[in-house]
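The chain that follows stands alone, in the form predicted alone, written as structure tokens.
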């Protein structure tokens, strides 16, 4: 999963929660990285700005791992790219 989107998510995580860069993988849970609910919301807002998608609340609530966040954004970008 070493692509631009993954790097954007990792970078946003490091910005929101400095020090999480060590051992950061898609399999890590947001909780294991020390993100509380406010950190998670901040992360999602940061990513929305970076990638230009709006993450619905139900999608945000279901994200448990870094990989979940990456795949959620990947899905949303495909929907936006496909258009109406």
Partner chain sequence: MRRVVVTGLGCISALGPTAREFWSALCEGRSGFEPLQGVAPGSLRFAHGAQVRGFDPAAHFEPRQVELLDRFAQFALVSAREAVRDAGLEWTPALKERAAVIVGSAIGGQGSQDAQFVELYRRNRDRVHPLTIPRVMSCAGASHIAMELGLTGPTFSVSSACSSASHAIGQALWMLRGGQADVALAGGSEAPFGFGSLKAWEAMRVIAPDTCRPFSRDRKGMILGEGGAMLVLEPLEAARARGARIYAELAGAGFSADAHHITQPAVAGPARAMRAALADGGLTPETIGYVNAHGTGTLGNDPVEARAIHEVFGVRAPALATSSTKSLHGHALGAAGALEAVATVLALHHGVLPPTANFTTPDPECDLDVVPNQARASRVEAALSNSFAFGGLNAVLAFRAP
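Positions refer to the first chain, counted from 1. Computed from a predicted structure; not experimentally measured.
Just so it is clear, the following notes concern the form predicted together with its partner chain, a form of the same protein that is not shown.
- Think of it this way: in the model of the complex, its partner chain has a heavy atom of just one of 44, 26, 51, 30 within 4.5 Å, and the residue is 44.
- The closest non-hydrogen atom of residue 16 lies beyond 4.5 Å of its partner chain in the model of the complex.
- When contacts are judged by a 4.5 Å heavy atom cut-off, residue 61 counts as touching its partner chain in the model of the complex.
- Contact residues in stretch 25 to 46 (any heavy atom within 4.5 Å of its partner chain, taken in the model of the complex) are 36, 37, 38, 41, 44.
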